[in-house]
Ligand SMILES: Cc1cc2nc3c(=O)[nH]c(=O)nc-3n(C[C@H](O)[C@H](O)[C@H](O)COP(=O)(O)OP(=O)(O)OC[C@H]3O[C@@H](n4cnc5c(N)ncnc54)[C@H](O)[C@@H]3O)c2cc1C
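Form predicted on its own, single chain, as structure tokens, below.
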Amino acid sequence: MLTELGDDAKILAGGQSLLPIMNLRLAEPAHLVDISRVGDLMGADEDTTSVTLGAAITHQAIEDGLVPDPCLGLLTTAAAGIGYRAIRCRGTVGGSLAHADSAAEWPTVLTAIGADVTVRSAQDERTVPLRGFFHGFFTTSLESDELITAVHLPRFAKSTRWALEKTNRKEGEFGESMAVAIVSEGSASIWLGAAKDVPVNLAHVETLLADHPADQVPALGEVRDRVAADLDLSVPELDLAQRHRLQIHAVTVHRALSRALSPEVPA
């Protein structure tokens, strides 16, 4: 159907992103292709190194532990922070990734984890790393006749520590800032959401962390300067509103680092 209808069609899974956009007339597809009852998109499989989740698995299924979480609770925590329970009962992991809003949980969290997605059309199937999947706000590498069918997640080592921090005005809203910190065997993966059109790898912050003792959290001022560098910001040139936004991101990242480096295992 996607091959036949092309740009005139949109995939409908949970509808929690698509339908509000249609209500605002920001999207007016001539056709909706409903995949919510395709059983093959709702399964989960696992082995010793990875877990594969069907793209139509809901946030609620992940939150409630109905599918495996190879990331020591990170997926469960991320799912529980998405909107409200009614949204989580309908919204899907594949739909969130295809929607490509960097303020949402799954694009940033699954990119930080190093997940891949399987993408299919009527003619072909391919695997795409999420670290190259997002091209911009609401823009991905998906073609008009393709859909995400599965998400592949690497299994965390038992010694891995992680933290997910989201700063928002009230529960259920999209985050003004979202930071994911994953620390394992002397290396760190630190990503920031809601700062640009796509999730941002905080490479300068990762370098800062590597230069500190393993149990020492860098000072907030140091983190802020490195976050500014990763966002290509010149601090002296920022106006008051931009400085405030940078501070929100820096505090969110600093909190994530503090939790990830804590001797306590994340709950």
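Counting begins at 1, following the sequence as shown. Keep in mind the model is a prediction, meaning the values are calculated, not measured.
One more form of this protein, predicted in complex with the ligand, exists but is not displayed; see below.
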property: Proximity to the ligand in the predicted bound form (heavy atom, within 4.5 Å), stretch among 152 to 160, 101 to 109, 122 to 130, 189 to 197; result: 101 to 109
property: In the predicted bound form, the residue from L72, I113, V183, L147 that sits within 4.5 Å of the ligand by heavy atoms; result: L147
property: is_contact(L257, the ligand) in the predicted bound form, heavy atom dist at most 4.5 Å; result: no
property: Proximity of F134 to the ligand in the predicted bound form, heavy atoms at 4.5 Å; result: no
property: is_contact(L12, the ligand) in the predicted bound form, heavy atom dist at most 4.5 Å; result: yes
property: Proximity of V251 to the ligand in the predicted bound form, heavy atoms at 4.5 Å; result: no
property: Residues within stretch 176 to 212 having a non-hydrogen atom within 4.5 Å of the ligand in the predicted bound form; result: none
